[in-house]
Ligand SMILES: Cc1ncc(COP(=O)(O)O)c(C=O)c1O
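Before any questions on how it binds or moves, here is one chain, the form predicted on its own, in structure tokens.
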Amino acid sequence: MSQNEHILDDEAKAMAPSSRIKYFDMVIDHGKGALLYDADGKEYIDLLASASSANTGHSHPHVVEAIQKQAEKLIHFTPAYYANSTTSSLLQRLADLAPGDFPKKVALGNSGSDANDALIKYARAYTKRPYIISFTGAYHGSTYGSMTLSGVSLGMARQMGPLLPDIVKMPFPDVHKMLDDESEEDFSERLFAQFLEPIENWLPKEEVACVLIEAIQGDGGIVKVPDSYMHLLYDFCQMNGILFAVDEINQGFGRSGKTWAIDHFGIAPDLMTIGKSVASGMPLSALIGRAEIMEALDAPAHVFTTSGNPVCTAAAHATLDVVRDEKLAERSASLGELAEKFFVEEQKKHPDLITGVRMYGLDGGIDIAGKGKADQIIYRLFELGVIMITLRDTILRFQPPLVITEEQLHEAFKRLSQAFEDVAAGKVQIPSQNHIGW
């Protein structure tokens, strides 16, 4: 029995099955940059970046050093009662980094899920309105508030209702839904008419507190909101006293070739949630918003014992240093052009296999002709030493660490090309016991 198998067998005796989405039997032992190593010593190129929570790569030396130094000084005393200099200095740094030339304040948490719970709390408290609008295909987290906001998997709602009241899901303007010969502007107007239909019939706009959207949906398939739709939505919120909020948990910190996905639209949101890569995967999140909104609640409306843990905030300071000093947003944009060129060329080779390519920096959704083929591709990649998963059954999720070297990226392209060739030729068979995906 391999080390991977031994560890997984022991783990299964005590692990709740809801805690992991099943892909392949691997135990990650260590990582460096864009490379991972399993418990048996096999090397993998990481094209997932720990669900986009490792934009700075694995064990970046600057982040490791910051964690070590802070752990020697103070591991934890809850910021719910007393300040510490590491956490306090991070608040203004995050506020300054968020879009918008207006005063902002920050509420820290432990995960993106509770950041989106915070958004619900503050939006309702500030506006004195009950309804929150989110979108189909969204993933906002797994706490009761954030899972109610989400709309990407029945497994996030089945057997757990009733969910949070007064959350309304609108149809996301997913480009997969465009009609033949429909322009992006016409598509945006058609989908926005669908958005308005409930508001014109049963949802009073004066009772809507906030609209929350991902500028680029992550788990929904790496799908960018059409520019015209986003501005229609933003203008509607502005005209009706509705807070406009964005979830940047998956897409922030340079992932899409800009610091924030919303930067592609030139819009400054009233509220923004962040997490994942803010501390290179250490448990930290935040809601950042206009100061007047963030002053709508007082303690203990949103406090946690470990939110703002100084080791995590030290990691966040170091992460922001790396994003700035290594110009990761610009690097993502540049390497993303190479990735887009590669996938477009592969689509030309295999038009019956690859049906669409969307790339925003090192942030790609690659449409595959059917779940079976998509599963075969990521299974073959796993055999070839590449970590990649699917979204919504048929979309390859391409999100490598932003520090991946060009040499590593081209090696990943070589292995991807091999996987596409093997699947197109019918050479890949997945063992029957494998369960792949959500």
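Just so it is clear, the model here is predicted, and its values are computed rather than measured. Sequential numbering from 1, following the sequence displayed.
Omitted from view is the form predicted together with this ligand, to which the following refers.
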Site check Gly112, Gly141 and Glu214: each within 4.5 Å of this ligand in the predicted complex by heavy atom: yes
Heavy atom within 4.5 Å of this ligand in the predicted complex - the one residue of Asp367, Glu346, Asp174, Asp219 that qualifies: Asp219
Of Ser134, Ser256, Asn250, Thr319, the one that lies within 4.5 Å of this ligand in the predicted complex (heavy atoms): Asn250
Contact test in the predicted complex: Ser280 vs this ligand, heavy atoms, 4.5 Å: no
Segment that reaches this ligand in the predicted complex - one of 176 to 184, 104 to 112, 261 to 269, 355 to 363, heavy atoms within 4.5 Å: 104 to 112
